[in-house]
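There is one chain below, alone, in structure tokens, taken in the form predicted on its own.
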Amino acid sequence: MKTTLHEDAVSAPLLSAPLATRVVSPRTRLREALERGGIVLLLIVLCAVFTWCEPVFLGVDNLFNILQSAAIVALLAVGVSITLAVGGFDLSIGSIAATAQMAASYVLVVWHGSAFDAFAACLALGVATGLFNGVLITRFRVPDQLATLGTLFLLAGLQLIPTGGRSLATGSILPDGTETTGTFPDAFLAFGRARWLGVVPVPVIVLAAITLVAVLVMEFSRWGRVLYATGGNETAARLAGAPTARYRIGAYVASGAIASVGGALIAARVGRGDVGAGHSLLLDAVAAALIGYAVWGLKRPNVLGAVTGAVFVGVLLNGLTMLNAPYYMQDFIKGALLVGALAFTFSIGRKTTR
């Protein structure tokens, strides 16, 4: 069908106008703001409610106590986020932390090692486990969840064998009947208990340093872009020349190393090797990492969002404890708030996209 020059001149601006300018209504702007900051807004609301009920909640000491209690979960959530970025999922991260704290305790109280030896043992364990996971996934083609689930059970059993299933401290009796005589040196305990300038706990400083490095690598470096490209479309990334297998292995090695730091923090804080440590770390870390999807509306795994999610959980548990909420209700309340917050954020984002 033919059109006249006049008709073309009139219709062209009408067709191109929506492409040139986008009229955003106030309602759409509000939805976009809620999508980006919904979790942060809810965090602020929680702090306001807890402060109204217990004014001491916003005290400096309590705030740093919250950060200290959330530091280990946040570290593990960072590791989970890195593996999620490459399309994987590290289910062994809680067992790595638990086994690392047992390894550090064994080095100190059985082998009479130094604080440096204990840290080195933790890192070696984390790197070796991450490498083991990566090789299973890339070389033997085992699916990520199944490979890391198998590693979870391996480590859960491994940490019990040297001590016969008992916790480990000075004076513990080993399966062969010998008594441990080593001690936790002050230099090691300071890693989990000391406060910089008498205010900032060392675990919070460790978390801040690792978070900063992880954010710089994941968001502003070529390595981070390749990691996300591998998770988005591994075949396309490989055809573009990226060594995707190496990056996947590197992601799991980084996850294991970060988890081992969390294990060292646990041992330094409690001053013994606790066989019960780490049982809830996996679920809390995964929850924090998944909350990170909703932070700032990114809808993808990201380090800063995972740390925000861990702080969110820490604030919620601390506030419920201060309000003397029954312990058997805390998990339910935590789950209800998390599900509600995520559903709200993602439903808002879906409407905005439409």
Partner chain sequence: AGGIANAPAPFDHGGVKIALVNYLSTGDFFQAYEAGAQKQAKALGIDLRIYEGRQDASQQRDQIQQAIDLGVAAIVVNHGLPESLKDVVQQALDKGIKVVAFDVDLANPKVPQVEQSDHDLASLLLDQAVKDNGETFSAAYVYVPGFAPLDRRDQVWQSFKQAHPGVKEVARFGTVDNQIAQSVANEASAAYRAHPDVRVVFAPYDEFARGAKLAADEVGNASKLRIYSADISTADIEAIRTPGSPWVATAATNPAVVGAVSVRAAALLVAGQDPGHHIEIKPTLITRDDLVKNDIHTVSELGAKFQAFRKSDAAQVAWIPDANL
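All figures in this text were calculated on a predicted structure; none of them were measured in a lab. Residue numbers count along the first chain shown, from 1.
Just so it is clear, the following notes concern the form predicted together with the partner chain, a form of the same protein that is not shown.
Participant: Among 253-261, 123-131, 110-118, 69-77, which stretch has residues with heavy atoms no more than 4.5 Å from the partner chain in the predicted bound form?
Facilitator: It is the stretch 69-77.
Participant: Closest heavy atom of Gln101 to the partner chain in the predicted bound form, within 4.5 Å or not?
Facilitator: Although the partner chain is absent here, Gln101 would touch it in the predicted bound form, with heavy atoms inside 4.5 Å.
Participant: If we define contact as a non-hydrogen atom of the residue within 4.5 angstroms of the partner, is Val56 a contact of the partner chain in the predicted bound form?
Facilitator: Because a heavy atom of Val56 falls inside 4.5 Å of the partner chain in the predicted bound form, the answer is yes.
Participant: Even though the partner isn't displayed, in the predicted bound form is Ile249 close enough to the partner chain, meaning a heavy atom within 4.5 Å?
Facilitator: Flag for Ile249 set to no.
Participant: Residue-level contact is defined here as any heavy atom of the residue lying within 4.5 Å of the partner chain in the predicted bound form; does Ser280 satisfy this criterion?
Facilitator: Result yes; Ser280 sits at the interface with the partner chain in the predicted bound form.
Participant: Could you spot which one of Cys47, Leu41, Met322, Leu304 gets a heavy atom to within 4.5 Å of the partner chain in the predicted bound form?
Facilitator: Answer to the contact question: Met322.
Participant: Across 144-176, which residues bring a heavy atom to within 4.5 Å of the partner chain in the predicted bound form?
Facilitator: Stretch hits, in order: Gly164, Gly165, Arg166, Ser167, Ala169, Thr170, Gly171.
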